[in-house]
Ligand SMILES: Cc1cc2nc3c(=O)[nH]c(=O)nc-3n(C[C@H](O)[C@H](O)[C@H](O)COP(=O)(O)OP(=O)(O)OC[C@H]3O[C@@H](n4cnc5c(N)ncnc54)[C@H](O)[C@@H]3O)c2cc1C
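Take a look at this single chain, the form predicted alone, given in structure tokens.
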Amino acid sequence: MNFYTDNKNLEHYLKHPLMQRIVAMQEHDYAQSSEYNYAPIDFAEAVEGYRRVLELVGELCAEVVAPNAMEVENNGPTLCAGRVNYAPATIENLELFRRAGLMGISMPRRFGGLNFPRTIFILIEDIVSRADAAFGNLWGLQDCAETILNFGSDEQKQRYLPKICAGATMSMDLTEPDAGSDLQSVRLKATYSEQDACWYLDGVKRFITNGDSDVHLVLARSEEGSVDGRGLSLFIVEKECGGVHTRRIENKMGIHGSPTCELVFNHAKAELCGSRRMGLIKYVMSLMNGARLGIATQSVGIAQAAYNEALEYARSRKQFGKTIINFPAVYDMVGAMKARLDALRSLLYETARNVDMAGLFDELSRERTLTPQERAESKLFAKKADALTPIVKGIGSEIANMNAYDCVQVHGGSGYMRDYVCERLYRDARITSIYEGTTQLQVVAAIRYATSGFYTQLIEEYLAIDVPAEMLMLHGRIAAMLAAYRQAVERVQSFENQEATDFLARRLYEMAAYTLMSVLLLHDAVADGQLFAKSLHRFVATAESLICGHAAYISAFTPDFLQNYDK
């Protein structure tokens, strides 16, 4: 069994036309092939290399990580003398990935990495999260190394990135007991010692995923007397230097194999990453965008696992003389799961490609001056990435929860039992709409792109596609969704009332998301109707229903409605 080769949809995303440009830029026009004998000489060779790694990951996840998931769930990490001990099966998973060279996926080759684009990293994370979302958290946090790569000094890159590529684990230590979503309120203190020529950190961090990691990225208050984000800086702390211990591992609803820790910093030796006062304003915002794309990918993996479990059970479980997949109430539910999954993947990989291009242009700008055309492209890709990330994170997590819910429902009473994978998926899914920014915070991040008309413009661009005759009607229905969305935005703007805009933001957000997913799934169906046409038909019907409902609500709404709510 192989979690890559058994899902033909994943191969599709290697073939997107933009991938040729992404890979060429990532590989610096394949110039590294003369320096590294394993670097590709052209696009075809690069894709073949990606495919081999994806097949390896698919095999490891199917044969080891997924079978280990129940043992990890039952045993979980433990705490001893301020240090976290992973479950034995988690250690096996990590060692397996280290030996396979899968711990430096996106890092440059000069640091021991594979130099893969973000889109390929996302493909791998998609597969890993399907196998076990908890392990996906541990393995996926290596992506924090991007922050050191982008903002660290040359000396820091040389010192830390080879360690991470060799298998060192990472964490991002941001939240505190009194500073969850409101990171401007972070109080952990950073003090510079002139005598020792280094920084020391003192305070407490809470809800830190993989908190007892080898390398910490820590947000701390470096400017004495400051009270907002302008007084915060980002620091690197190595576990081996001491001064950080785990006070407790949280007793969570799900993802038990991923330790969520409360950390105490007691004069922990640290070094500044980047410039002072830019910790939250620049570095953490970049870090969080990457993390949110990671949670969107985790959501897709969970949604895939839930669909697979539901389909397999429905095809094998018999009631009233026939398998339950033959009952309309069941096959309607399973079909809806597949349609949501495919539509979400279309959005995920479109987001990943734009994130790739934005990052590659940013890297290029550090090497040379961009041409006017390149600057315009860079700006557009960055804007698309920024606009799509809160959509895919928020809606992705909601769809993961929907699919996990429906998976349990298909299983009936059995789904409520811990003997079945779907019970774990149901609990694992719940955190995706909370951590790295709740769905409500994703709405806040996205609403400016709704009210500015950017989502409308983006959907119009995606609709400018030639479609075969059999998809013309679907194209027209998506265009009608866009018209309803545009009208809803205009009505909300006509109130000139910020509270009303904030109140209706979730509905505008969902209308934009479902229209975007519909048109992006249309693109995938045009490219490969055999893979995506059925899901497109189903999803457009689902999206129409949601958009019609939200449009009707907004059409009937007046700001006076707000007086009827308890506050």
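When you see a residue number, it is the position in the sequence shown, counting from 1. Note that the structure is a prediction, hence the values are computed from the model and not measured.
This protein has a second form, the form predicted in complex with the ligand, left out of what is shown; the following refers to that one.
- The ligand in the model of the complex comes within 4.5 Å of no heavy atom belonging to E125.
- Although the partner is absent from this view, Q409 stays clear of the ligand in the model of the complex, with no non-hydrogen atom inside 4.5 angstroms.
- Contact check for F265: every heavy atom lies farther than 4.5 Å from the ligand in the model of the complex.
- Taking the partner from the other structure, the ligand in the model of the complex has a heavy atom within 4.5 Å of a heavy atom of L441.
- Though the ligand is absent from this view, in the model of the complex it lies within 4.5 Å of a heavy atom of just one residue from S222, T175, N354, S378, which is T175.
- Between the ligand and the residues N308, N401, T169, T209, the one pair within 4.5 Å by heavy atoms in the model of the complex involves T209.
- The chain is drawn here without the ligand; in the model of the complex, the stretch among 355-363, 274-282, 429-437, 71-79 whose residues come within 4.5 Å of it by any heavy atom is 429-437.
- Shown here without its partner, the chain carries S181, K252 and T260, all of which come within 4.5 Å of the ligand in the model of the complex through at least one heavy atom.
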